[in-house]
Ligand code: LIP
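Read the single chain below, which is given as structure tokens and is the form predicted alone.
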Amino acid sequence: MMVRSALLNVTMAAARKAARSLVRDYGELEQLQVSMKGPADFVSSADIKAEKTLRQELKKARPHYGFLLEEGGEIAGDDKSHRWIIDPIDGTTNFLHGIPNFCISIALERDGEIIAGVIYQPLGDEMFHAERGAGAFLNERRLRVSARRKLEESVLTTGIPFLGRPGHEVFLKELGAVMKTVAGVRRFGSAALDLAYVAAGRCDGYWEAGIKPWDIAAGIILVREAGGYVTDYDGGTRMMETGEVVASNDHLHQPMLKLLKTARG
């Protein structure tokens, strides 16, 4: 039986509590109040409710920690070292269209380093979790990134820039280069789950640009603790600042970086 820290137990319990109302709302989509937050970027009452639950639960457990929230922005805590980074629904567009691929993503940062992460897919009851130095898990099962060594045998995931987002032309160049090289490309609509799937070995790699810290914070530690690599497009560690992510195993990481660099010209 694996032993989890108190911190991880608190985080997982908060995710489960917030998920209960999400699952109810998902079942009653036609009554959901939805407002436009920007082109093709929705915020719903479900999102706001889930974020409120997460904040309340985590604040109860760790009253002095700060927050970086998708909906609520940055909230400083008395403890300047620790900050929760939260996306109450990653895959909001999927959620609002009745597509069952969405999750809750929670990461904890200490002095700028991510030390714990939880990604919970409530419809499948899949709880991905990791702590620095303690490995990555799906529920009780230890995770490892895939062992594939060749891009031509690999399945990669990505996100496609949508209406109102820059970078369409560059993305099409990247996609063109990748499509000619790999066994398949998938677009699931949740960056957090894409990273969780790389950690679980379901996908061999993931790349995307123009994403926010709350989309990727928990996924970064999951992939690392599952034995994988996560960098920005330059091979550095500024993913949260640049909004660029490349994640894969040690065999595919450099070839992926090289392929994307060549495509971008």
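Keep in mind that this is a model prediction, so the values were computed, not measured. From 1 onward, residues are counted along the sequence shown.
There is another form of this protein, the form predicted together with this ligand, and it is not shown here; the text below is about that form.
- In plain terms, the part of the chain that comes close to this ligand in the predicted bound form, with a heavy atom within 4.5 Å, is 181-189 out of 144-152, 181-189, 119-127, 106-114.
- Although this ligand is omitted here, in the predicted bound form none of Arg16, Glu51 and Leu54 has a heavy atom within 4.5 Å of it.
- Looking at Asp232, you'd find every heavy atom of it more than 4.5 angstroms from this ligand in the predicted bound form.
- The closest heavy atom approach of Asp215 to this ligand in the predicted bound form falls within 4.5 Å.
- The closest non-hydrogen atom of Glu225 lies beyond 4.5 Å of this ligand in the predicted bound form.
- In the predicted bound form, none of the heavy atoms of Leu195 sits within 4.5 Å of a heavy atom of this ligand.
- Shown without its partner, this chain lists Lys80, Arg165, Arg132, His97 as candidates; in the predicted bound form, only Arg165 has a non-hydrogen atom within 4.5 angstroms of this ligand.
- When this ligand is considered in the predicted bound form, only one residue from Ala200, Ile211, Leu69, Leu58 comes within 4.5 Å through any heavy atom, namely Ile211.
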